[in-house]
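Single chain ahead, by itself, as structure tokens, in the form predicted on its own.
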């Protein structure tokens, strides 16, 4: 049975509401960003340094330098771990062509109290690189960040070469390894995580970035037109098909979404976003067994992509596998404890499995996250 339109809208909204924590994991496929992948250039990151007030631009900092863009929040302990480690590495190599921008993604709207907390944490850490606050999470959404912390590592030409999500001791080692390779301090090995990736034609990249901006503004018709031009400019570029599929899901054109996402996966089988999107589309289309197969296979390769964990749980609910669904939703909450959509579906699953007290608790948490106390 297909999900009704109201359920599909509620469900698809979870795609755009993300603030995540992370558990230790060594990724086998890249899943830090929904709309970017290795081989692509990134949208410009710019703003004022929180402490100095100076203008900061990723384009200006690149200019022959390796660049790290780190998304973080004060509520994420792993973010603080990462900032401390990056500070140590940066200070230990003052003469290297390396630049870092830390982008705070605390909340959609930053209150004066939260701004003070952010400033206090920056001063406490004594960071030697600029820190920006992502007002309205505009950069967060443009990248399609799915976990906090997440990291973009760019080579000196501005191409994304490695993008790990979350942070652990293993992730730290992989980040250091990738930066040392890009700086020429060591040769890449067969285990190196630095990836060349597919580098799309510049014209296709321009159309794609414009489409991203339009999609965030919900100007879907114009976004789809630009994505078609991106596809025509580079027929092997998978990202436009992925974004077209995501847009079609938003406007309830499920058959079109399936076609676009299948094409994206065919062009790039390592695209976690496209594979997860295809699983979601199959779920909404009522093809439960197919959705389960796709999402289970993805989960076996990358168990840190929270949208896929939510989708897999919804599939399990359809299969009346409530215990497994609850486990999947709890895993999603370990990654993203502040996502009200996950709490809502956990409550719904508890309710369907007869656990009313736990259902009420989860519903209450979801409401508190959506409507925080003043």
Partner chain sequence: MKIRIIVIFSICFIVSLFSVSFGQDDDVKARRDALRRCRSLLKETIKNIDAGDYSAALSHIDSVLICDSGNADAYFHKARTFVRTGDTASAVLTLEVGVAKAPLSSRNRLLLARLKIGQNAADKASAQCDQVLAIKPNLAEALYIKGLALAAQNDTTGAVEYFEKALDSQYSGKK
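It should be emphasised that the depicted structure is a prediction, and the values quoted were computed from it without experimental measurement. Positions refer to the first chain, counted from 1.
Not pictured, yet referred to below: the form predicted together with its partner chain.
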query: In the model of the complex, segment of 64-72, 49-57, 36-44, 310-318 with a heavy atom within 4.5 Å of its partner chain; finding: 310-318
query: 4.5 Å heavy atom contact, residue 335 and its partner chain in the model of the complex; finding: no
query: Contact flag, residue 353 vs its partner chain in the model of the complex, heavy atom cut 4.5 Å; finding: no
query: Residue contact check: residue 108 to its partner chain in the model of the complex, 4.5 Å heavy atom; finding: no
query: Residue 341, heavy atom within 4.5 angstroms of its partner chain in the model of the complex; finding: yes
query: Stretch 96-124 - residues with a heavy atom within 4.5 Å of its partner chain in the model of the complex; finding: 111, 112, 113
